[in-house]
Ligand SMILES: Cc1cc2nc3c(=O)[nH]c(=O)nc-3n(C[C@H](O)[C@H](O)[C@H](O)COP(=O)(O)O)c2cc1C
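Shown here is one chain on its own, the form predicted on its own, set out as structure tokens.
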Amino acid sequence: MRKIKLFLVVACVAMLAACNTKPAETEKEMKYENETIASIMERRSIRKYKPETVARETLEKIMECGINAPNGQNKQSWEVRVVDNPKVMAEINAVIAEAYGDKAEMAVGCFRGAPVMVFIARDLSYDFSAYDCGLLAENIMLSAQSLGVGSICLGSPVRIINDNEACAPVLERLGFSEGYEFCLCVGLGYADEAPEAKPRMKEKVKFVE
């Protein structure tokens, strides 16, 4: 009987010890209230990526989250082109490099070396389409973060491609429909850096009493 009681006491102590021991991953997950808030607070703009691309299955899930973003009157006033093929990206870079000549390095660098580029165009017939595209891009970046994929939202490729007629072949390659204008880019890939969060100005948020 004593042996049985002793066994039960030891078992209880072991169970209590196990309950009080939290793995590092569990503690990390509990840093924020839930996974959604963690994805928002931990996302950073990544400007240095590992060379490997992102699996097509993962990209499809990210894009599904993107097109489920809120949008005006459910017009879904965007078109999205995903380039995850290094050969296609090289072709785009070659056109841009030729178009900008002595400024080629600066122009091609606008993609920050991301192995996957998401090109977004807005519907010019709808005056709120730019906002819809922004919401789409945010969903893409946050869902990517939740899946361990880094991201960066880019405006410079828009200027570089739209403002130089010699870059027209890039737009032709992307194949946006007539009436749509290229307006935003999102780079995706596995981060090769861990930048610190930049401070935010909380005083810009005020409650109106």
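Note that residue numbering follows the sequence shown and begins at 1. The structure displayed is predicted, hence computed values, not measured ones.
The same protein also has a form predicted in complex with the named molecule, omitted here; what follows describes it.
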**Asked** in the predicted complex, which of the listed residues (L174, V149, C65, L154) lies with a heavy atom within 4.5 Å of the named molecule?
**Response** L154
**Message:** Going by heavy atom distances of 4.5 angstroms or less, which of L184, L59, A38, L142 would be at the interface with the named molecule in the predicted complex?
**Reply:** L184
**Message:** Heavy atoms within 4.5 Å of the named molecule in the predicted complex: which stretch in 65-73, 174-182, 38-46, 51-59 meets that?
**Reply:** 38-46
**Request:** Pull the contact list for 85-107: residues with a heavy atom within 4.5 Å of the named molecule in the predicted complex, in sequence order.
**Result:** none
